[in-house]
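Just the one chain here, laid out as C-alpha cells, in the form predicted on its own.
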Amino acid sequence: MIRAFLFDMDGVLAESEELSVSVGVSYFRSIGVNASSSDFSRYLGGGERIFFDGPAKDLGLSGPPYSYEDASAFFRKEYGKRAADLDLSLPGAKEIVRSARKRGIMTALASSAPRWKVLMNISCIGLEEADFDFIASGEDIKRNKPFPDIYSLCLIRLGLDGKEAIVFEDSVMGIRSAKSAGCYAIGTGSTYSVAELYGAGADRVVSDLAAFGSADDAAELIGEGRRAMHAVITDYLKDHALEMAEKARLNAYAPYSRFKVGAAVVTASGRIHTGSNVENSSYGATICAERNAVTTAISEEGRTSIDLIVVFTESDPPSPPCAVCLQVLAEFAHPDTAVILASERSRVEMKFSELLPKPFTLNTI
C-alpha cells in the first residue's frame, strides 16, 4: 500500500534547474572563467557541492580563483535575487501535493539543495512548509544522491518501509538514490531521456506531474508496473496536452494555406511531444503537425505506443488529421487511443478507431 509521496524539488516541483545553471555560469564568469550550461548538466541532482566542484574540475580549476565557499555565497545571493518574484511551479506540482494531503497520503521533500534554497523554492511554487510532513535537504545528510541516505532519512522520519513510498525524481542520481532506498521511483521531466531514467532504475517515466490528475492516479500507475502498456490519461493530462498543442500551433509555418495546426501526442511513458505543420512551396514536401509530433516522439523514445492525440486548429468545428497523418498515427496508436480535436471555440473527443476504423497494415511487426 502506498502511504507517502517523496518529492525531489528542482526539476520535479520547481522549474529551477535552468535558473540554477544560469547562476552557476554567472559565478564562473565573475572569476574570469567561460563556462556554459552544458558544463553543469551531468552534475544536476547531486547537491550544491558537486554542482560547483564538478564543473570546476572539468574546467581545470583546482584552486584560486575558484573557491566553493565563494561560489556558494555568490549562488545564494544571486539565486535569491532572481527567484524572488518568479513563479517556478511546474505543471501539476501543487495539485498532486494537495490531493495527496487530502487523500491522507504523507508527503515529504528530499532535495540535495541547501535548506535555504528548498524553502525559497517552496514559496516560489505557491506551497508552504506545512504542505509537507517532512523536509530533508542536503545539509541533513553526509552522503548526497546517488546514495540512498536522503530518502532513507525520509522513510525513517515517516515510519515507513520503502515499498510504501513513491519517489518523484528527474535526475539519474536521484532515481538511483530512490531505488537504493527501496522505493518505487517515477522519473519526470526532460533533463534526462526516457532511456536514461529507465536505465537508472525508474519504475515509470512521465513528462511531468501533470500526468496525474490526483494522488490516486499516481498510485494506480505504480500498480500497473514498469512495463505498463499505456499511460494514465487523466482530465488534467488532456488539458495540459491541449495547452501544449495550442502553443505549438503558434510556431506553424503555413505561408501558402495560412491554416496553422498544432498537435500533441502522449506516449506510453506519459511524455508529451508536440509538432506544428511546416509547409513547402512544393506541396508534397509539406509536413503536417501530427506527423511532426509523432516523429519527434519516436526519435526521442524509440518505438512506443501513443495513448492520446490532440490536434488544435483554427476551424470550427475542429479539423481532424488528414488521411496520410491518420495512417502514420495508426502505426503507433491503438483503437482506444483518445483523440481530442479542438479550436478556440470548441472541443470534440473520440477514440482513434472512430477516425480510422480500418487502418492499412502489413502485419509484419
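Heads up: residue numbers just count along the shown sequence, starting at 1. Values in this document were obtained by computation on a predicted structure and should not be read as measured data. Whichever C-alpha set is largest while still superposing within 1.5 Å between the two forms counts as the rigid core.
Omitted from view is the form predicted together with a small molecule, to which the following refers.
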| item | value |
| --- | --- |
| The single option of T286, S152, S89, T191 touching the small molecule in the predicted bound form, heavy atom within 4.5 Å | T286 |
| Contact residue in the predicted bound form, from N277, S137, S207, T274 (heavy atom within 4.5 Å of the small molecule) | N277 |
| is_contact(E290, the small molecule) in the predicted bound form, heavy atom dist at most 4.5 Å | yes |
| Exercise: C325 in contact with the small molecule in the predicted bound form, heavy atom 4.5 Å | yes |
| Partner proximity in the predicted bound form: P55 to the small molecule, non-hydrogen atom cutoff 4.5 Å | no |
| Heavy atom of I186 within 4.5 Å of the small molecule in the predicted bound form | no |
| Partner-proximal stretch of 173-181, 238-246, 125-133, 251-259 relative to the small molecule in the predicted bound form, 4.5 angstroms, heavy atom | 251-259 |
| Displaced residue check between the shown form and the other one: C124, CA, 2 Å or over, core reference | no |
| Rigid-core frame, C-alpha of K179, shift of 2 angstroms or more between the shown form and the other one | no |
| Threshold 2 Å Cα movement between the shown form and the other one for P55, core superposed | no |
| In the predicted bound form, shift in Cα separation for E196 relative to G275, 3 Å or more | closer |
| Pairwise C-alpha change, S89 versus G275, in the predicted bound form against this form - closer or farther, 3 angstroms or more | farther |
